[in-house]
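First comes one chain, alone, set out as structure tokens in the form predicted alone.
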């Protein structure tokens, strides 16, 4: 088995001055620790290392991807790539092409005082104290994927909402992979919501038409300080030649509310990891996800939620609909630590296999280390209700339409966790088009 890690370590060692020159001090400061962690690990996790059905990180990174070490400007046609425009949802938008952030004119003109959305390199110059304090504070270098991202990431996005600021408009990141030859893009996102702040972020992942094989390595750090509220919505509509490895780390403090929702509509191979540390009392945490797979798509979601304080409430809902030869995996863990009393934590994974060749692997887990808690977890995998299909056909509804209606209704629990009403409505439409067989987002189906 090829050890994919060596090629990236060799690349870094051969180009370290170039990597650091294009980056900023907070990012460069952690590279030595990341390199030591990778050399200690020796290789990236492969099939069977983390649990039999976990997606192999080694296989994802093994192809001979190029890395844009020198920061060559790779153009992207945003209009043709961006497919999930949300009518009636006025956003403040920035665009990320591979790892380079560009603000739109609307963002520059309308970003209110106390709110920052810019590149990490710009933020390191303007807000060195904030970036220096929080960058790398939540992400875990014990994870080889995070360590590799920390080693090679040169740019990313910084979002900061000052104390007491409640941002009325949502922030939007349109993330586009554009590659004339096989490319691995390494990027970071750091979001800090100060005490009492409120912010909603919609991130949309796409692949430029005509791009070659792409790999996206992304680490997101979200810091929700006392009494803040953070909503993070992630929609992926990439192509079959795209591999995405996204790790989302959250530090949630006293009285904070966090709502995370990830949706995979079209993709090649996707592995999403969510890691939540609930460090303060009286918190509210929602984590949800949906995946629609067909062809040979592969979607892997995992969650690791740790209640470290008392009186926290968390709820997880993940749903999959898999057709053709698509495969899915879900592994979820809830840990209620010693001393975390009066916690309520719930986890649910429900899946529909719409063909005999589709496969789903699920592994929910509970780890409870004290009394005075309410916790539950469960998983189901099955097919569409044949009685419901028969009933709908007797009422004159064609079979394919009945199937689509049942699958749409199945996703309602996840859609309803989204607090932005225009986004909920748009996502319902996108899911309807997806179940109709659309494989290119909603651009051709409008």
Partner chain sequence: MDNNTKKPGQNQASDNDSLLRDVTESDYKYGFVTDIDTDIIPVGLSEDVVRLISEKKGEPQWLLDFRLKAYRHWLTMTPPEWGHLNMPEIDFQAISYYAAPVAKEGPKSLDEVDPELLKTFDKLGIPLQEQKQLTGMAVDAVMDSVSVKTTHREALAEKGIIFCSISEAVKDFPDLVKKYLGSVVSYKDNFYAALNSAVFSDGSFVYIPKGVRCPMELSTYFRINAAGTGQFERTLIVADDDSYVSYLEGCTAPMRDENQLHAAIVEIVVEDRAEVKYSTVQNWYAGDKDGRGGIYNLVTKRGLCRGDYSKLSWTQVETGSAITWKYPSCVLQGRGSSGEFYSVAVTRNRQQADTGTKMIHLGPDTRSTIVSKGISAGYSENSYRGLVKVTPAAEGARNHTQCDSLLLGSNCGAHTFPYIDVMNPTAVVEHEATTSKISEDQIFYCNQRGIPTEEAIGLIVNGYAKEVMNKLPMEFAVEAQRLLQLTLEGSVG
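Because the structure is a prediction, the values reported are computed rather than measured. Positions refer to the first chain, counted from 1.
If you look for the form predicted together with the partner chain, you will not find it shown, but the lines that follow are about it.
Heavy atoms within 4.5 Å of the partner chain in the predicted bound form: which stretch in 154 to 162, 347 to 355, 254 to 262, 177 to 185 meets that? Of the options, only 347 to 355 has residues within 4.5 Å of the partner.
Which of 361, 306, 286, 229 has a heavy atom within 4.5 Å of the partner chain in the predicted bound form? Looking at 361, 306, 286, 229 one by one, just 361 meets the 4.5 Å heavy-atom criterion.
Quick check on this chain: which one of 126, 133, 212, 374 has a heavy atom within 4.5 Å of the partner chain in the predicted bound form? For this set of options, the contacting one is 374.
Does residue 109 make contact with the partner chain in the predicted bound form, using a 4.5 Å heavy atom cut-off? Close contact is absent here: in the predicted bound form, residue 109 is far from the partner chain, nothing within 4.5 Å, heavy atoms only.
Using heavy atoms and a 4.5 Å limit, would one call residue 379 a contact residue for the partner chain in the predicted bound form? Yes, residue 379 lies within 4.5 Å of the partner chain in the predicted bound form.
Please run the contact check for residue 137 against the partner chain in the predicted bound form: heavy atoms, 4.5 angstroms, yes or no? Residue-level check for residue 137: no, no contact with the partner chain.
Residue 366, heavy atom within 4.5 angstroms of the partner chain in the predicted bound form: Because a heavy atom of residue 366 falls inside 4.5 Å of the partner chain in the predicted bound form, the answer is yes.
Select from 50 to 67 the residues with a non-hydrogen atom within 4.5 Å of the partner chain in the predicted bound form and write them out in sequence order. Contacts from 50 to 67: 50, 53, 54.
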